[in-house]
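One chain follows as structure tokens, the form predicted alone.
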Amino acid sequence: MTITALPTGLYAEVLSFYGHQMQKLDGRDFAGYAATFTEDGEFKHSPSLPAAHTRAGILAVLEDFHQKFDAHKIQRRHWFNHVAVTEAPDGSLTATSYCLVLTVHADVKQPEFGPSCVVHDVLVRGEDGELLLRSRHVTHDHVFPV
């Protein structure tokens, strides 16, 4: 297996991007999360739902998906780890990460674990040089191909 080293600063930038992005999601700042995608970005996060397209579409899907949590006092946390980043010849980045979602219920010390997922991203530079997601496809470990 050949592993191509990335500049340390670039890898750190990707990790920082993910840290800020997941804090937006876990803080229910869905508009802020959607703004981390390109205008024509694609987001597929659930095996039972079609991919969302555009920032407005991503925002709508997130608001709809999270309504099921509104009646409960919970905090969800998305933990990214084992982030493997590769730079493509066109300057885009592909990143594959493991993600574990933790859910903490009010007054319950022990968190609930799951789903366990693999996140497949394509990141590009925006007009101001910032990282943005062109696409994110999330596969769930409990869903096996037929």
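Numbers for residues come from their place in the sequence shown, where the first is 1. Quick caveat, the model's predicted, so the values are computed rather than measured.
In what follows, reference is made to the form predicted together with a further copy of the same chain, a form of this protein that is not presented.
Out of the listed residues A52, C99, L62, L93, C99 is the one that sits within 4.5 Å of a further copy of the same chain in the predicted bound form by at least one heavy atom. Contact annotation for V122: none of its heavy atoms lies within 4.5 Å of a further copy of the same chain in the predicted bound form.
Interface membership of K44, defined by any non-hydrogen atom within 4.5 Å of a further copy of the same chain in the predicted bound form, is ruled out.
By the criterion of a heavy atom within 4.5 Å, M22 is counted among the residues contacting a further copy of the same chain in the predicted bound form. Heavy atoms of V138 never reach within 4.5 Å of a further copy of the same chain in the predicted bound form, leaving it off the interface. Residues from 80 to 101 that approach a further copy of the same chain in the predicted bound form with a non-hydrogen atom closer than or equal to 4.5 Å are F80, N81, H82, V83, A84, V85, T86, T96, S97, Y98, C99, L100, in the order they occur in the chain.
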